[in-house]
Structure formats: structure tokens, C-alpha cells
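What follows is one chain in C-alpha cells, specifically the form predicted alone.
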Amino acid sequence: MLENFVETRGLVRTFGKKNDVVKALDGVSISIREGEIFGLLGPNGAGKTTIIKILTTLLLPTSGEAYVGGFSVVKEANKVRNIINLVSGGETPGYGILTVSENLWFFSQLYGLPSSVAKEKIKRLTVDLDFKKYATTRMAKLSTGFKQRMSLARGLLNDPKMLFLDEPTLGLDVLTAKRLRTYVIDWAKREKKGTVLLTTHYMAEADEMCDRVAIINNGKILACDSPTALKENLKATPIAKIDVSSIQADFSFIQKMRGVVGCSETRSIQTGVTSLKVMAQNEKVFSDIMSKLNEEKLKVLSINETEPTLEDVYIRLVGKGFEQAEEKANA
């Protein structure tokens, strides 16, 4: 008997044949409790989307088992499909020639909703997600943010017991992303309507939303716990943020230095500053880094010790973070 709403046991998925085999998943075992918002974090190609495709019955595992709501994704795929939905960031949520309401109506009929129920749900979701005024607008004319609101509305039409969110705030502005996160949290936690599996590259998003997160790399789960517990485990590891006056320099040498556990960088086009987040085995490593930066004639603007974040946990396990080139808005 399964104790969790989602379980995978020794999940393996390979692609290719004979001498050209790629192992996308290598014995993945995870469990997600009912009502939980569970985060899956990892670099591109780590296996996140492959897990989602298997759990949503879009891809068969090579070996291992996977269950959603107590149903086998292999042997009871139709039963799984009846209780799930999937929302992906950056996808086209419908047909451009149809209006928002027409698109949502179309999907409601695919889900088998009675007309009266469908009309009421479409009305409520467009109000709740604050895009009722675009109900008669053709989908092709919507901004990225409103397309994603429509995509989330489509994903909730059938009242899924399990909602898969694959980078749902990709490319969204700060306020729209915040609104969607808040709505999902309320849907899962306050209203207790379902369970959520979230993949994201935004560490702050995972920290805010998730009860637990699993970090995956090269098809293997490296760690799984609550964000708080994962961060607590890093308290003894020295972490420093170093601001350098350059966005053109190659900082890859830092990762190769003795005693460096992990390093990430964020480049600001507007300020011309690269912020390095470095984790080290001991404090002396930072002195070595400063000396090396001086040798490379790179101007250090500041260096400060910081408290562990979920991104630091990721860096510690994967060795590097998500490099971002960002252009900050004027204050």
C-alpha cells in the first residue's frame, strides 16, 4: 500500500541504442505527500522534465515504478490522466485565433466537463487570476504574463488532484510571477485542493513555495528535505559574496581553485558588476581568491559573508549555480 500521493521507485530512463545510450534517470526514488508542494531543482538536462513526462504518462520508464494517486503510470495510465494536469512555462496555452474564453471552453470539453460547470469555472478562474477583461481577446494578442495566467487557468479547469508545474513563471515579470505563486500556494494549502510538483530555476521561488525540495543532477537525486533543513546543514560552510567591477571577465578559474566547494555568478549589464557567490572549505580560501583576482587585474568592489540560501545548497551539491545575465530596472 502506498503512503504518499506520488511515489517513484528506482526509476530509470535511457535514450539511444547500443553504444550511444544516455541515462536521463538513474534510479530515482522520490515520494510526495498528499497536499504537499514539492520542488524539483536541477540544471538543464538533469532529468526534471523526464520525471514529469513519466509521471504524466507522456513517457514510459525504462525500468522502475511510478505511481500517482495510487495508480501505476504504466498499467493504469488512463486513471492517472483523470486526476492530473500539467502547466509549462513559455508554452502556447491554446489556439491563437480563439479568444481566452473560447480556448478555456474548448479544453473544458476535452476534460468532459458539463456545460454549466465549465461556464462557472471559466468565469471564476478569469476573475481569480485577474484577466476577466481579456476574456473576449484573442489568445495571440495576449502578453506573455496573461498567456501564462490562461495556461494556469486551463490547468485547473478539471480540478486536478495532482498539478505539475514545469517552470511556470519562466519569462514573467516580478509582479505576475508573484501573483501566480500566491495563487498556487492558496490553491494547495489554504483551499487544500491538490498536490503540486514544481520544477524551477528560481531558487527564491522554490524557497517560498515548497514544503520540500529534491535536487537532481545527472539523473540522480542528491538531496531531499525542507528548504529550512537543507540550509541549516550549510551553517558550518563559509560563504561569501564578492562584487567585481567587470561583466566581461571569465571567472571559471575560481571553480578550479583549491578549497572552493562551489561558485555561481550573476552579471548586471546595467551596473557593469559581476556578483560571485563562493562557498569554500575554510576562510583562507577567500584570501587566495582575492589574490588571484588582483593578479588578473580585476577590481573587487566588496566582499561579504552571507547566510546560507537554497541557492547555496544547490551550489554545494552541483558545484555551480545558474549563471544569470540581468539588467536591473532603475530604482
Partner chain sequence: MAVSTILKAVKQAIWVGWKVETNWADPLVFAIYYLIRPLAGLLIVGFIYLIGSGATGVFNPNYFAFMFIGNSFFIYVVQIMTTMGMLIHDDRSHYEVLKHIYLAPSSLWWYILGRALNGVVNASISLLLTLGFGVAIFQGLLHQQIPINWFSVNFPVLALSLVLGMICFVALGFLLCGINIMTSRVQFMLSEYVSGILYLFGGVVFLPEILPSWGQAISNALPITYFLRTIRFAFLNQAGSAFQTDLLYLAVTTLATILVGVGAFKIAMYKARKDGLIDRKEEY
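Fair warning: this is a prediction, and the values are worked out from it, not measured in the lab. Residue numbers count along the first chain shown, from 1.
Same protein, other form: the form predicted together with the partner chain, not shown, and the subject of what follows.
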Which one, 251-259, 238-246, 70-78, 172-180, holds residues whose non-hydrogen atoms are within 4.5 Å of the partner chain in the predicted complex?
-> 70-78
Tell me, out of Ala229, Val127, Ala204, Ile97, which residue has a non-hydrogen atom within 4.5 angstroms of the partner chain in the predicted complex.
-> Ile97
Tell me, out of Ser264, Thr274, Thr57, Thr50, which residue has a non-hydrogen atom within 4.5 angstroms of the partner chain in the predicted complex.
-> Thr57
Complete contact of Glu120, Tyr134 and Ser143 with the partner chain in the predicted complex (any heavy atom, 4.5 Å) = no
With a 4.5 Å heavy atom cut-off, would you call Ser88 a contact of the partner chain in the predicted complex?
-> yes
Should Asp211 be counted as a contact of the partner chain in the predicted complex, where contact means heavy atoms within 4.5 Å?
-> no
Does the partner chain come within 4.5 Å of any heavy atom of Arg316 in the predicted complex?
-> no
Would you please decide whether Leu234 lies within 4.5 angstroms of the partner chain in the predicted complex, comparing each non-hydrogen atom pair?
-> no
Residues within 4.5 Å of the partner chain in the predicted complex, restricted to 105-131 and counted by heavy atom | Trp105, Phe106, Phe107, Gln109, Leu110, Tyr111, Gly112, Leu113, Pro114, Ser115
